[in-house]
Every structure is written in C-alpha cells, then in structure tokens.
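Encoded as structure tokens, the following chain is the form predicted on its own, with no partner shown.
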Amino acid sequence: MPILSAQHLNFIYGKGTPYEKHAVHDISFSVEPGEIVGIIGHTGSGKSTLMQLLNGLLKPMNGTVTVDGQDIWQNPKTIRKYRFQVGLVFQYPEYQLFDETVEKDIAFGPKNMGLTEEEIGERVLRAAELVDLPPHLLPKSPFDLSGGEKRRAAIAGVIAMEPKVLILDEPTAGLDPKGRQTILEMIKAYNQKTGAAVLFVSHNMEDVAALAHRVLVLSGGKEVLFDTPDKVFAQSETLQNLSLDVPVATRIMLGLKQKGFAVKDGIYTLEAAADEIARLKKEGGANA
C-alpha cells in the first residue's frame, strides 16, 4: 500500500474573483514507503500548493490525500495528527529558527505532539544525529551556527517528529557546494536509516538525478510526467518546452548521440556518463 497518495487533487486560489487561479488541477500520484520522489516544475507550476495539500495545510477543493490509506480530511478534527505524519520543511527553514538553543528548537515539534520529556529528549538526540549535528552544538544558540548547520538544525526539528513522509522545498537552495553535498548525503542517509518516504522540490537537476527514485514533473498546475529519472530525463525536448533543464550528464550523452556515437540511453548522472565514455574509448569510439 502507498504511504502517501493524491487522487484528483484540485485547488483554486481566489475562486469566483477576478484573481482566480487554478493552482493544482486534477493531480493524481502515489508514493511508496521508503521512496524518494523529486518534484520539478518552473515557477508557478503548482509545486508549493501541492506540498501544502499533501501536508494538510491546505484542504483540496476536490480530490483526496491519503496517508497509510486514510483520508486525512475524513475528520477535520484529526488533521493535526497527519501534519505530524507528513513533515514539511519550507525553503530556507533556518529563517524559522527562534528558540534560545538548538536543542529547544528541535524539541518544539515533539513538545506539540504531547510526548514525555524523556521521549522528547531521545527524539532530539536521534534527529541531531541523523542530520550530523554533534552534541556540543545542542546547547548553543541556533544563530551562532553556520549557514549549513542552521539548515540541518531546522530540518532536524521536523525529523524529530518522526514523520512517515518528509517533504522538503528546495533543501539545497542558497548553500555552497560543500553545504549542498552535505544536505544531499543527509537526505539519502535519513531515507535509508529510517525507511521514511521523502519528497523534495528542486530546480537543480543534478540533485534530482542523484537522489530521486521517481520524478514528478508539473506545469500549469498539472502533472506532465511521473516516472523514473532515466525515463523522465530522456524526454529532454518535453522538459525544455516547459523551461526545465536536464542533468549535465544527460546533455553530454545527447550531444554524443547527435554526433553519431552509440551511447546507451538512460544516463543521467556524471558517474554513469564517465563510465559510458570509458566504454566508448575502450571500444575505439565507434560511431553508431
């Protein structure tokens, strides 16, 4: 059974006004336990609205969101429970840090869940370990941390609620290459250690290629593609028509194919591209 499912979701801002906008239009997809799904689309494609619908911050005008097979809006009084189960990390979450210590900031979510102090303390330590924040940073003010550490502390605050699904909006935005790589490795390790499903929005196709098991492509509030990375990035013309890019490795392979080289399909990481180029050299660079 899918851990998270969206069926025929629709959401309209300003319905019945001159500013009416159909932000999400009849979107249906599902996410399996332990799966990582990348969500891509140009600005205004409906990504942010979809994330808030999945988390229960917005109620769909039509359609359903289910977690573990349960309609999250079947009883509106229980919607708070599902917001803990589907954790949402907004873009630049470090700007939402507010407490006097890192430890207290991470503990904020678990406290709102009504857990015991002992359980809260254990969750804070587990979350900090999962995002690679050493214990000596927990008593410090979050504002004394580096940019990357702040980002990880903010993500730890959501992870500490131990959601079944973690949703991140542009988790590497604004970070230097080292910080970006740290966040990507953290997301992958978190997924592998906990088995939680992860959805993340990104404009960086390399991030999507490195992490995602499947990719959801949105445009104009509609689902355009939902498939494995190799199949999605193989449709480079479709993506370019949507003002989206493809990974550098895919562009290199397409360029070689246009020059007549018999390169394999479905290559979208630099590691795979390097292996394919090595294979071509070994075979003498024979053209197709």
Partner chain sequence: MLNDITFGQYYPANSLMHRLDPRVKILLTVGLIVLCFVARIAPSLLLVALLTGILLLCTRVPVKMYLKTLKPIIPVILITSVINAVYVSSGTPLFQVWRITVTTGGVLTAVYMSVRICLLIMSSSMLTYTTTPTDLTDAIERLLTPLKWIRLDVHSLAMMMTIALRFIPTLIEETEKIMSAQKARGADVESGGLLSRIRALIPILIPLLISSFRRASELADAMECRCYHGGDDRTRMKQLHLRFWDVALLILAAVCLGAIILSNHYLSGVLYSLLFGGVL
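This is a predicted model, so every value here is computed, not measured. Positions refer to the first chain, counted from 1.
Note that the form predicted in complex with the partner chain isn't included here; everything after this is about it.
Asker: Here the chain is shown alone; which of 45, 49, 250, 55 has a heavy atom within 4.5 Å of the partner chain in the predicted bound form?
Answerer: The residue in contact is 55.
Asker: Just to be sure I understand the contacts: of 72, 198, 216, 161, which is the one whose heavy atoms reach within 4.5 angstroms of the partner chain in the predicted bound form?
Answerer: Going through each option in turn, the one that passes is 161.
Asker: So which stretch, 208-216, 177-185, 126-134, 151-159, is the one near the partner chain in the predicted bound form (non-hydrogen atoms, 4.5 Å)?
Answerer: Heavy atoms within 4.5 Å of the partner chain in the predicted bound form occur in 151-159.
Asker: Quick check on residue 96: any heavy atom within 4.5 Å of the partner chain in the predicted bound form?
Answerer: Heavy-atom contact with the partner chain at 4.5 Å: present for residue 96.
Asker: Residue 90 versus the partner chain, in the predicted bound form: is there a non-hydrogen atom within 4.5 Å?
Answerer: Yes, residue 90 lies within 4.5 Å of the partner chain in the predicted bound form.
Asker: With a cut-off of 4.5 Å between heavy atoms, is residue 84 one of the residues that contacts the partner chain in the predicted bound form?
Answerer: So residue 84 counts as contacting the partner chain.
Asker: Just checking whether residue 80 would be counted as a contact of the partner chain in the predicted bound form - the rule being heavy atoms within 4.5 angstroms.
Answerer: Although the partner chain is absent here, residue 80 would touch it in the predicted bound form, with heavy atoms inside 4.5 Å.
Asker: What are the residues of 10-40, in order along the chain, with a heavy atom within 4.5 Å of the partner chain in the predicted bound form?
Answerer: Read in sequence order, the residues that approach the partner chain (within 4.5 Å, in the predicted bound form) are 18, 19.
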